[in-house]
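Quick setup: one chain, the form predicted alone, written in structure tokens, and binding and motion questions come after.
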Amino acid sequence: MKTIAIANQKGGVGKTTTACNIAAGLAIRGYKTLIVDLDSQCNTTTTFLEPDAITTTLADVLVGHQMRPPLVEAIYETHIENLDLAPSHIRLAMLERAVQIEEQYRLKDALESLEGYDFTLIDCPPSLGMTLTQALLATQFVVVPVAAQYYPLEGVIDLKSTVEATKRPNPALAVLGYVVTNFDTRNRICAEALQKIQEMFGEVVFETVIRTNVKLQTAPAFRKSIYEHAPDSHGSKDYEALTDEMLGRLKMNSTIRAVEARAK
């Protein structure tokens, strides 16, 4: 199982949008995918699930010291074939109080107990803290969305330092790539921000950029991925290209699994 954290301590960069649509893109291609909503704001959760349908959440699995259920009891099927979700809850904010070593590895241990998934994507909170530490200890790769704004690197340098520090207990951890989001082709500042990001991180920056697209903002209100909500939009095309590029970096096929899934 490939585990990928979608992280940036700065909000408003398209982190949840990126997590949801990469996960949906992988599932559509036939990869059995789990998305873990580690953000107590619950935006990924409400994108795919009706709140009334949820009885057990990640907070039950990760918070507290007594009678915590296994992660499998907090996993729900979404309406997208091959895509499951482990929902968040506001009580996940209590993970910031976790100080014991054993507590910091709860997410890692929970994910390692699962079988049958090709990918797990973790939607991280927009902050540097113990919750992000749990995610980085549990993951192999990090994808960092960076908005094409005047201060595009705000927070990214601190995140890079956190990733480097986490490599000591988790030497397999690596940044899979930086993806530029909120890119307006008509805006000179966006072009300058893209150039700055490319100069800073070089080949680690994905070639695909995510253009500004109102359909990306409205899709969650309909509890849909961009592929269902607006399949012909720039947002759909951009996230499809990003998913293909990501699979290429992982040296995984972007078409064969989908063909196999349709054949069954």
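Predicted model only: the values in this text are computed from it and were never measured. One rule holds for the numbers: they count along the sequence shown, beginning at 1.
Not pictured, yet referred to below: the form predicted in complex with a small molecule.
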Contact of Gly12 with the small molecule in the predicted complex (heavy atom, 4.5 Å): yes
Touches the small molecule in the predicted complex: Thr55 (any heavy atom, 4.5 Å): no
Distance check, Val36 to the small molecule in the predicted complex, heavy atom within 4.5 Å: no
Contact label in the predicted complex: Gln41 to the small molecule, heavy atom within 4.5 Å: yes
Position in contact with the small molecule when the complex is considered in the predicted complex, options Arg223, Lys196, Arg211, Lys237, heavy atoms within 4.5 Å: Arg211
Contact residue in the predicted complex, from Pro126, Pro169, Gly155, Gly129 (heavy atom within 4.5 Å of the small molecule): Pro126
Stretch in contact in the predicted complex with the small molecule, which is absent here, among 28-36, 215-223, 59-67, 200-208 (heavy atoms within 4.5 Å): 215-223
